[in-house]
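Next up: a single chain in structure tokens, the form predicted on its own.
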Amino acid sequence: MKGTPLTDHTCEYIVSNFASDERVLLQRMSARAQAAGIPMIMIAEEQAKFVKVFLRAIKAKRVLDVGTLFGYSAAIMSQAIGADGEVVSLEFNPEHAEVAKENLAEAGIGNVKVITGPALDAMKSMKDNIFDFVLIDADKVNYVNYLRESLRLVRPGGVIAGDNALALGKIATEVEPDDSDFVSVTALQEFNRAITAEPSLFSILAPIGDGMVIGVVQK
């Protein structure tokens, strides 16, 4: 039996009943982002709650956020791991990083370290096995590169997650080069193939939001 298709009405039911706090936080943080001209590209409210539940289930205390933007996912993970944990969040754009820091400060969150610059460079400078969880949600062309570094950075039993794994519904199609989403879709297809082919990952694609791949690291 195939899964039940999600309508807008069903999604609203899920968010209203299970992710209302996450919606409120997103509304607050996105207001500053919109004023600064930052695009509204972030995990959905139901994905945010899913990540929270997952982090609490694995008792994560040190997590890596690849792609800060205006700080929503970093804030979500901070709330999940508690004040005694640490979120390291990577953002290429200095203006986005500053808005994220302002959002985090306004939310009273003090355990997020925002690092500005190329995410791959920052990841390569980090030690092995130091994170319980990595969320990849940045430039799609580097997803496979982020995955390779994440495999080194996440401890055995930790988890690697990648957002937009359904590529706006195009993941299972053969996109043409003239498609405006060609580069991102083909990059996400390559990422999903790399996930499934990686012997040290036990993984699944969860059809939540725009899709999120979850892989448990088995070193």
Ligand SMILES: C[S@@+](CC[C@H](N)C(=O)[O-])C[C@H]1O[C@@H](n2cnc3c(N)ncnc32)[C@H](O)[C@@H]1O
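Sequential numbering from 1, following the sequence displayed. Note that this is a predicted model, so its numbers are computed, not measured.
Omitted here: the form predicted in complex with this ligand. The next part is about that form.
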| item | value |
| --- | --- |
| Interface membership of A33, this ligand in the predicted bound form, 4.5 Å heavy atom rule | no |
| Contact label in the predicted bound form: G82 to this ligand, heavy atom within 4.5 Å | no |
| Any non-hydrogen atom of V53 within 4.5 angstroms of this ligand in the predicted bound form | no |
| In the predicted bound form, D132 touching this ligand (heavy atom, 4.5 Å) | no |
| Location of this ligand contact in the predicted bound form, chosen stretch of 177-185, 64-72, 147-155, 190-198 [non-hydrogen atom, 4.5 Å] | 64-72 |
| Contact set, 87-121 vs this ligand in the predicted bound form - heavy atom within 4.5 angstroms | L90, E91, F92, N93, H96, G117, P118, A119 |
